[in-house]
Each structure stands twice: as C-alpha cells, then as structure tokens.
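There is one chain below, alone, in structure tokens, taken in the form predicted alone.
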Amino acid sequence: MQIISGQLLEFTSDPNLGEEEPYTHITKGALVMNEGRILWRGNSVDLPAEYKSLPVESYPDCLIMPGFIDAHLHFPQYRMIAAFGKDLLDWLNRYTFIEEQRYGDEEIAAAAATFFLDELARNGTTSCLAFSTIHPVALDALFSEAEKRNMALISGKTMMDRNAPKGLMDTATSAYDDSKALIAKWANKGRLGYAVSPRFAVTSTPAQLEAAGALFKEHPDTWMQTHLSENHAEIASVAKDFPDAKDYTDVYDQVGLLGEKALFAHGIHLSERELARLSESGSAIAHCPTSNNFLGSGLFKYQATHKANVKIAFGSDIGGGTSYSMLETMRDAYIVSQLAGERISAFDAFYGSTLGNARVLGLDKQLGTLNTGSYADIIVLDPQATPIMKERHALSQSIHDVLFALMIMGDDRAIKQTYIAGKPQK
C-alpha cells in the first residue's frame, strides 16, 4: 500500500456534452493504492486515519491523472518512425512490410516487445490497442511482456493474404486457425484482450475478411481492429477489388466486421452514408493525426464526425505516427482541427486520450478514471518540465490553460512518473 499526493485530475464526461466542468480537479489531493488498484482518493486533509502512516510520494506541483490510452498503433513498427515515403502504400511497401518480416524470429520479437512497452510507459501510455504481425510468435512475445507488467493491452495476429511479400502472407484458413488458437491462449488472461485484426481490405481477400467476420461473431469477448479510408489511392484500390460494395465501409459491413467493439483507424474520407452506418452499428474511428500529417493522408474532421454520432478514439499510429507521446498526438489533433476549421479544446483531447478511449474500448470501469476500485494506471504530469514550459505555466489562469500548454509544448519530459497497476515504471 502507498500514497501519491498532488493535484488530482480526471475527466468525468465528454466535454462536447456541454457540462461546464466535465472533470474533477482536487488541488491538494491524495490517492491510496493497494494491490494494483485505487483504494481511496480525495482531499489530503480527509485521508482516513488508517492510511496516514503509509509511505507517500508527493508531487505538489504536478497533475496526477489516469494514464494515457493509445487506441491505435503498430508494435512491429516501433523503430520505423521517420521513414520517408511518398504516401501510405509506398511507405508500406518500402519499409513496413520489410520490417515486419523480421518478427517470425522469437528473439527479435521478444526484444522488440520489451523496448516497445518501455517506450510507451516512458511517454505515459499505460494501455493500448496494438497491431502485431502475421506471426503467432510475435503476438506471444507482446502478450507475455504485457502480462509481466500487469498491463491492459489488446492485440491480435494480423491477417494478410494478398498484396504483400510472401514472408508476410497467410491464408484465409491459416489466419482463422491461428487466430482461434491465439484467442484460446490469450483472450482475457490477466488484463489482456484479443482483437481480430485484418490489416485492411487492400491486403485481405474476400475469403479472409469473411473468416475475420466469423471469428468476431464467434468470440463476442474480442475486439476488431482494421484500417479504413486513410488515403485516396487506398480507397481507389478497395473500390476496384470490391466492385459490389457500396463503399469502403460496406466491404467490412458485408462480412460482419462492424459493431460496438470495432475500431477503424483513420476514417478521413468518409461519406455521409458511411458515417451513418458506423454510428448505427456502434463502431468507432481511431483518429491518428501525427500519422495522417506525416503521410499526407488528409485532415480528419473531428467535429463533423462527432456530430454524426460516431465514436472517436485517439491513437499515435506508430510507426506512421511520429511520436509515442499522446501529448504530441493531442497537439497534432488540435492543429488538424484548426486547419479543418473545427477547433477542438484541450478538454476534448485529454478526455479522448483517457476516459474517452476507455469508453470506446468498453473498459471505463477499469481504465481512464481515478475512481476507487479501478486499476492504478496513473501518470504524473509536470506542467513545468522544461524552462520554457515553466515560464509559460506562469501565465496559466485555469486548468484548461495548463492542459493546453501541456499538449502543445509537452512530450516525454513532462511525464514525471508512470504507474501501471500501482507499480512505478521509471
């Protein structure tokens, strides 16, 4: 058992719902952690007598918040940041598919998993939904490392049976069989979750997408992740390969891949019909602004998507994304919203990266909150982490000012400490 004290801050509702204060902020607060969960939280002066003798980590000038949740990134691309490519499809062929073939080697995958999760923790990310590769040993390595850390992590074997190098292709049958075995092995083990993971319609035949849909239906405790409407060339390729589909979204819909636990990365160039169908099915879009900017894919329309009643998550999309930091992801989300004429607030961004992402994943009883009983996945944010941030902080007059400066100027240096299930990671 231990106590951490400082300014407690958590979001309690979606800022877009119009509540004046969609958050709880306790300026002199304390948390009691025990066996990986939050046992008590509140004002320091109200700390119950039975806890007053516990060891205390004090962060008086910092914000203590739920850890960041990254709703879309790629484990095997962990070292591919800043790889030059003309666009998405060129980048995949020149770098990604070459890199991912290495992950059939168990030692390479194990070393990568350790580095990958260390880097997430260093940047304040305590949970994620990640792609792996087609190799079962790679997923075993990632899940094994996450299990050691008692980390909430969702992933799955990537499914690809065309338009990729031979060393990265499976078949509709082998992808189904391998995925089914991995679901039996890992789904709901500790804090782990399984996501049925067809990469996208460009690299899966109709037969493989049907196999993915069958898996998703047969295992209602799984999630589903894929990519949708990221790039114009990708969209044209899908239209050519699936001439009977109404549009890109319908390709997935026809095989049963939409639903409450389905997340589609990007969703930049969607029609009104597609947005309506995603909303009706309860599906979500993972907004990946650093990747969209880096690959020149386009400007995601946050407010228009929200008004269409489509759930939105936030993701770094490593390695098309350019930073593991959800702070930098938020910064780019703000810049994109400015360019799209749909300005978002710091509240939108921080809610989306904590409680919002937890709600999209259906895990808000465990993650994205400081409620008693939830997992002690916590970050300590220092709004004065650098000299210039300290000077900027002196001008802040509200909690929104503090958060806005953090997401525009912050990076891994602003992460004072990361706790996963109550255990410090630094």
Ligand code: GUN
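Numbering starts at 1 and follows the sequence shown. Computed from a predicted model, the values in this text were never measured in an experiment.
There is another form of this protein, the form predicted together with this ligand, and it is not shown here; the text below is about that form.
**Q** Consider F143 of the chain shown here, and say whether it contacts this ligand in the model of the complex, taking contact as heavy atoms within 4.5 Å.
**A** Contact with this ligand, no.
**Q** Can you check whether W91 is within 4.5 Å of this ligand in the model of the complex, heavy atom basis?
**A** Looking in the model of the complex, residue contacts with this ligand include W91, since a heavy atom lies within 4.5 Å.
**Q** Test of understanding: in the model of the complex, would S291 fall inside 4.5 Å of this ligand by heavy atoms?
**A** Yes, S291 lies within 4.5 Å of this ligand in the model of the complex.
**Q** When the contact criterion is heavy atoms within 4.5 Å, does K157 count as touching this ligand in the model of the complex?
**A** So K157 does not count as contacting this ligand.
**Q** Under a 4.5 angstroms heavy atom criterion, identify the one residue in T222, T305, T322, Q77 near this ligand in the model of the complex.
**A** If I apply the 4.5 Å criterion carefully, the residue I get is Q77.
**Q** Can you pick out, from F116, F200, Y194, F314, the residue that has a heavy atom within 4.5 Å of this ligand in the model of the complex?
**A** Checking each option against this ligand in the model of the complex, the one that comes within 4.5 Å is F200.
**Q** Where does this ligand sit in the model of the complex: which of 204 to 212, 175 to 183, 291 to 299, 236 to 244, heavy atoms within 4.5 Å?
**A** Flagged stretch: 291 to 299.
**Q** Go through 219 to 237 residue by residue and record those having a heavy atom within 4.5 Å of this ligand in the model of the complex; state none if no residue qualifies.
**A** Read in sequence order, the residues that approach this ligand (within 4.5 Å, in the model of the complex) are H227, E230.
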